[in-house]
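Shown below, as structure tokens, is a lone chain in the form predicted alone; questions about how it binds or moves come after it.
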């Protein structure tokens, strides 16, 4: 098994988040916020979609190495043989031949649709595979539904039949119907991939014949890394400097304000681009630091996350400073000062818990913006390594494909679809988290 630096940081972030969540949800106001959240169908639907993306990213972060030195991930094994199927050039989604304007230049695909002999057989085969995936998904989600109804009947003290109907009508304290529907959709997509993946290119192929679906799925890990690792870098700067400026005030506050105002005044894209280019020059001058291409791409991704984290902490720092200025005037903090409690203890025990909801809300809301930032940076050529798959790289390459004749539209559509679903689910869930944690809004929801 091979552990890349980004893999280590991702798993560390997950463990840290689980520990913080366990500690936070032991407090009553967090329990009330969670109860407010789980009853809403749309946020719980988005939560299941988010967890599906996270699961794919975690699976893709478990790397192994063959005896020949080639590195692959567990995701490559799970969706085999999609990642190893290659053609000579472009092909449309579910196509049987290569993509070309002239019929005389079209060639049958080598590793897909080879079992199709006629147009009638093609449509029949597609329909059968869609139907089989649908039946399998209904069977599995039906079993989950029955098990859930059986478990919940003891909680609600009702019969199995009454609990079955209650689940179907959505009359539960948790939005189980919405969760089950989202889970059914995820399961159907999984079965559809297994039914179609080894026989068709679901989203076609690119210029060199690689599956576009494989590129889009593998790009999920890159998006997750950008969001999580950047957050790990950003949080210490924002929390420490924001609390310090608000708590001590005076010259310390003025110095920290001058620092983040100066940093904020520099155009973000320009600062990030210059930092990334400087990092790339250092890597180019020291190729002996990286024994393999995958480690080089991994370090470049880590460097991009560090740069994004260092340049994106100012807005959260400003919010935490303002909230700390308000919290430090509370009576119990004045009493703690009079009793001689040290400043560090007061910040950790009293101020940090009172501003923690702002940290959670800002981090969740900024996560989707960080994913979009990678797309923009890759589009202008200062993003992740070209050998690493990402939605930004797909959109950047699709820019040239749209100018050819005939137009190759499916790589752009695939990247847009995967990225939009991911970002939309995060934003929907983040809005619900904000509503649940804000006492003023909570009364109106």
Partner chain sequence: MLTYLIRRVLYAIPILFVVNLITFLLFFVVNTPDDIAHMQLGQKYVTPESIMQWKQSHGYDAPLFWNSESRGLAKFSDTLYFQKSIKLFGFDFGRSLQGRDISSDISERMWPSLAIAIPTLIIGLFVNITFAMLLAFFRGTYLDNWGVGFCIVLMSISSMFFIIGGQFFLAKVLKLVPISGFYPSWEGMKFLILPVAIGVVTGVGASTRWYRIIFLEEMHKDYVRTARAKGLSETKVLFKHILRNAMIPIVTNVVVIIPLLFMGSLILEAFFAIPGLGSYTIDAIQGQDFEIVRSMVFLGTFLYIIGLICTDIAYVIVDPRVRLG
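Numbering follows the first chain given and starts at 1. Just so it is clear, the model here is predicted, and its values are computed rather than measured.
This next part talks about the form predicted together with its partner chain, which is not shown.
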Given the stretches 26-34, 45-53, 411-419, 58-66, which is the single one in contact with its partner chain in the model of the complex, using a heavy atom cutoff of 4.5 Å? 411-419
Within 4.5 Å of its partner chain in the model of the complex, do 258, 270 and 376 each have at least one heavy atom? yes
Which of these residues, 277, 251, 143, 208, gets a heavy atom within 4.5 Å of its partner chain in the model of the complex? 277
Which pick from 265, 173, 121, 157 sits with a heavy atom within 4.5 Å of its partner chain in the model of the complex? 265
Taking its partner chain as it sits in the model of the complex, is residue 389 in contact with it (heavy atom to heavy atom, 4.5 Å or less)? no
Within 4.5 Å, heavy atoms only: does residue 365 come near its partner chain in the model of the complex? yes
Is it the case that residue 424, even though its partner is missing from this view, gets within 4.5 Å of its partner chain in the model of the complex, heavy atoms only? yes
With the cut-off set at 4.5 Å between non-hydrogen atoms, does residue 131 touch its partner chain in the model of the complex? no
If we check its partner chain in the model of the complex, which of the residues in 322-351 reach within 4.5 angstroms of it by a non-hydrogen atom? none
